[in-house]
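Just the one chain here, the form predicted on its own, laid out as structure tokens.
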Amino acid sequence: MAEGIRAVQYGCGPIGLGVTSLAAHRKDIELVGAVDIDPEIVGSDLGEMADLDDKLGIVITDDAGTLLSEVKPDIAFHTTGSSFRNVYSQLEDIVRAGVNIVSTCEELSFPYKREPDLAAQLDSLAKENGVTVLGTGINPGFLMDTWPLSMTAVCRDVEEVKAVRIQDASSRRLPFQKKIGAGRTPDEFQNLIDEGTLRHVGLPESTAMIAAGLGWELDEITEEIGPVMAESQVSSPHLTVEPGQAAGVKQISHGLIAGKEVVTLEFQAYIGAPETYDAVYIKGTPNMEVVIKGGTHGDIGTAAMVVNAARRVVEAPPGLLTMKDVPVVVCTAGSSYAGYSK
């Protein structure tokens, strides 16, 4: 096994602490620092915050610049926000410190359509500083872009790609249930859409990544979003949804060429969904349909993608990359790759 990767956890919210928990148990990762701006957790031990059995001896700081210059990590696990533009200054500071990045920022997963100028700027800056930046996660990052693209490798030709993710949100954490509008009236739900605070971030990015991976030039990417209304009372451990309220969200992204829909991504997450699954459908030669029954755990999958991508990023050429640009990401658990040793 190659030498361990020195990592800083940048952002210590629920996803960041999930990454911490996984990374702390990996023999190929050494956590050396943590950053967050929340005054309630600054000064806390990262291990305690992540509910680990032991303290890590890593104190969470709000001074990212000093930390990065002192500990000189190989990589930063960046888990602070969904908007590329909003987190750009954080990414810039990390890159200027000469540190590689794996980020869960959804818009960073394929930023060339929404923020082409900013993407080009970050790519240039990363190359100047000899580091690599990658946006990834479970979705976007795998289920609705990298996985469908990988499936096309066994096709002679491809005409259409469709990915569907249906989740029963009953078991998800409360912030996620609020994020999808559970318990909101139709008017409240629409107001949150209009404000831009209620939506799953990343479907247009995944649509664009699939098209780019297949060499398709899309004429247009459209997106629809609306509530899944409860027809009867449904509940989770955190809240109860009455009939006539939103149980969650349904969102669809369409990628079109000459008016024909060639990429379709459908995301539904709502309390009381009768079935949870992830599916990919390829229309081509041959046609393909692959379904993950029971779906894929979002929080576990996101943390795993971040940690497992670390070595790929450290070893990659400098610049801003996407999941279609890096070698296949695999589970790197254990110092001898799943128990095999020389």
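Every value quoted in this text rests on a predicted model; they were computed, and no experiment measured them. Start at 1 with the first residue shown and count on from there.
Just so you know, the form predicted in complex with another copy of the chain exists too; it's not on screen, but the next bit is about it.
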Ile60 within 4.5 Å of another copy of the chain in the predicted bound form, heavy atoms = no
Met323 near another copy of the chain in the predicted bound form, any heavy atom under 4.5 Å?
-> yes
Is Ser150 a contact residue for another copy of the chain in the predicted bound form, using a 4.5 Å heavy atom cut-off?
-> yes
Val234: heavy atom within 4.5 Å of another copy of the chain in the predicted bound form?
-> no
Location of another copy of the chain contact in the predicted bound form, chosen stretch of 118 to 126, 261 to 269, 154 to 162, 219 to 227 [non-hydrogen atom, 4.5 Å] = 154 to 162
Is another copy of the chain in the predicted bound form near all of Lys293, Arg311 and Val330, within 4.5 Å of a heavy atom of each?
-> yes
Across 206 to 220, which residues bring a heavy atom to within 4.5 Å of another copy of the chain in the predicted bound form?
-> Gly213, Leu214, Gly215, Trp216
